[in-house]
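Next up is one chain by itself, shown in structure tokens, the form predicted on its own.
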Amino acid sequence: MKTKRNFLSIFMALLLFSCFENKEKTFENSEDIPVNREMIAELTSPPNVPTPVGRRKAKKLIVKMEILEKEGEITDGVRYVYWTFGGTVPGSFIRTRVGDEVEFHLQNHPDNKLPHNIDLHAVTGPGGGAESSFVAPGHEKVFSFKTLNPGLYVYHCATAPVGMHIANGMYGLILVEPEGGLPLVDKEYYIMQGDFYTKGANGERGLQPFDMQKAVDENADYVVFNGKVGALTGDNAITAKVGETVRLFVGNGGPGLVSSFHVIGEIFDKVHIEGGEKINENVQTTLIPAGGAAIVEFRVDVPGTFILVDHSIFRAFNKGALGMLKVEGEENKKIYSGEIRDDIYLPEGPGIQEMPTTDEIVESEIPAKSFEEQMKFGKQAYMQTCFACHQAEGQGVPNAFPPLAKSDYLNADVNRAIDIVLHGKSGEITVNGQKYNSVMTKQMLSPDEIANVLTYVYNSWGNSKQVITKDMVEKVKNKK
């Protein structure tokens, strides 16, 4: 009887051990990891990412990706023909794990004009798959590969001329998670920088073709996140709540420029350097080469709008490499107090500011043809020129820059407003009962652009709904 009880105890212990120790065997070489069944890959458009792999076993992963050549808007009024993986720039996000056997179906839509292929930096094999995937319009190519190395990798088209295909938007990211998956966080987002080269100058409206010479010279007209100016601002901003952890999968499609990725007002707790396994901590700005990637992680401790930029800063505020992370929640005055006091500081005396005097202003090629176009183009000019000081909703910066929303100063005199945009202003003014003593520099805008931006301001945020014309601007300009 005692022997029987001992046998039963051993049996139960083995049963419990098998239940709680149901872990996948760790293999010395990734290529030896066996696949367990088959699944269709979840692909997502930016800034979204697929579900984390967690502790799932290696699978035969079926990836179906369609190439689409499609016209889109790179910024308000500026059209561009993008070449895309999955219909977006960047292309669809692919999420795998070490040991997956990926069966890749590359489909070139029959309406496309050109052949394409794909080079995945996660692939060990000739051309990263490019040699096996060259596909004409109306055809599909299928090839497979084993994911051997964990990390975040770029993929792109490698059809000649390679630079042109990448410059037109043919790039994306593929994540290979380690066995057991990445540690869980509250929010994950997909962001990819790219530089674009157009025949027209930045902001020149209409359908803009690709400019090969500018691309060769690396003289980009636009440097943007996720394919267009404003892709991650306003209603398109990514979001989080105070106390949440955020992971950004950040890539750089290039084709020419290196990215200095930075989030204004945050410090990266962890950076997976160049998308690999090595982790750096407490990083302010991380360098991402063209054709490279990084994973950045941080916890948001205070509410507010945090600005994502390429810290080659003219690219952010003048060419489009700017996004927003909007964080909601309770304030924490111990971490960030906000403004405590506003004192006067004039070490060199008053009146030392001088306005720029250059008259080199580029005229807009295509004037607005309607009120709706004035509002659209005016908003574009506002976000590029006025946003930093006067904020997205015209609220201004307390004690520094006056509000434009419901502004008694603005609404009292249209010609004065035109004159300030044309020639700048310094000295004390009173707006809505509050005194401001700052500097408004002369804005390098054409008369058309000034008419558009002021029409946008006057018809937003509770203002007087004035419509400003080019003739009105010219009349004020010629008085000087």
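Rigid core (definition): largest C-alpha set, two forms, superposition within 1.5 Å. For clarity, every value in this text was computed on a predicted model and none was experimentally measured. Start at 1 and count along the sequence shown; that's the residue number.
Although not depicted, the form predicted in complex with a small molecule is the subject of the following passage.
Please determine whether each residue of 386, 404 and 425 possesses a non-hydrogen atom within 4.5 angstroms of the small molecule in the model of the complex. All of them do, each having a heavy atom within 4.5 Å of the partner.
For the chain seen here without its partner, which of 438 to 446, 65 to 73, 36 to 44, 52 to 60 has a heavy atom within 4.5 Å of the small molecule in the model of the complex? Looking at the other structure, the answer is 438 to 446.
Proximity to the small molecule in the model of the complex, single hit among 400, 264, 279, 242 (heavy atom within 4.5 Å): Contact residue from the list: 400.
Go through 250, 271, 410, 166 and name the one with a heavy atom inside 4.5 Å of the small molecule in the model of the complex. Contact residue from the list: 410.
Examine residue 214 and determine whether its closest non-hydrogen atom to the small molecule in the model of the complex is within 4.5 angstroms. No - in the model of the complex, heavy atoms of residue 214 and the small molecule never come within 4.5 Å of each other.
Verify the contact flag for residue 390: yes if a non-hydrogen atom of it lies within 4.5 Å of a non-hydrogen atom of the small molecule in the model of the complex, no if not. Because a heavy atom of residue 390 falls inside 4.5 Å of the small molecule in the model of the complex, the answer is yes.
Contact between residue 451 and the small molecule in the model of the complex at 4.5 Å, heavy atoms? Answer no; every heavy atom of residue 451 is more than 4.5 Å from the small molecule in the model of the complex.
With both forms fit on the core, is the shift of the CA atom of residue 121 between the shown form and the other one 2 Å or larger? No, the C-alpha moves less than 2 Å.
Residue 425: with the rigid core matched between the shown form and the other one, does its Cα shift 2 Å or more? Result for residue 425: yes, a 2 Å-plus shift.
Is residue 386 among the residues whose Cα moves by 2 Å or more between the shown form and the other one after superposition of the rigid core? Where the cores coincide, residue 386 still shows a C-alpha shift between the shown form and the other one that is 2 Å or more.
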